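Next up: a single chain in structure tokens, the form predicted alone.
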């Protein structure tokens, strides 16, 4: 088992940097922050490709490949998928895409602060680029909780404990990444407590300088 992981890490580390010029934006936000809705708006209006680290891992896991089997075993055992493996999947998705602008959703973050930092370092070293910025949807826990409960049609007793665990995981996994990039002046914080339309107006202000033409 270990040899499979080691081989995957070696392949990822030794791979060449991504072979085209790309713009990458990391997207972070808690459950109920509206991140998914805003990512869809960014894709529609600014022509980005939305890449979810979780979706890519699940797809690889179901592909029947050797890497997929390794990912499945690692997740089953409650361990963290090696950061280089996730980065390699992101790299492949970017290289196979005809686009050169990407939203990276759900990465780099993990349930351990150290792992989150390792993911960030792996992304920059393997792919050879830093993100243009980190788009951070800032929303109070109270507001996110209210939105999730409304979305779940009020099944409060069944979901409250799970919701709180999701909040804790989000805070523990995202803060080290936000703090690191904030120290480099790369965090663009959006007040996500406002209505969807107002939030996207703030998002447009952030993305407009990067785009010569906006598709409406």
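Computed from a predicted structure; not experimentally measured. Numbering follows the first chain given and starts at 1.
Not pictured, yet referred to below: the form predicted together with a small molecule.
Can you tell me whether residue 196 touches the small molecule? I mean in the predicted complex, with a 4.5 angstroms heavy atom cut-off.
The answer is yes: residue 196 has a heavy atom within 4.5 Å of the small molecule.
Please determine whether residue 37 contacts the small molecule in the predicted complex, using a 4.5 Å cut-off between heavy atoms.
Residue 37: yes, in contact with the small molecule in the predicted complex.
Is residue 184 close enough to touch the small molecule in the predicted complex, meaning at least one heavy atom pair within 4.5 Å?
Contact check for residue 184: no, nothing within 4.5 Å of the small molecule in the predicted complex.
Would residue 132 count as a contact of the small molecule in the predicted complex, using a 4.5 angstroms cut-off between non-hydrogen atoms?
Close contact is absent here: in the predicted complex, residue 132 is far from the small molecule, nothing within 4.5 Å, heavy atoms only.
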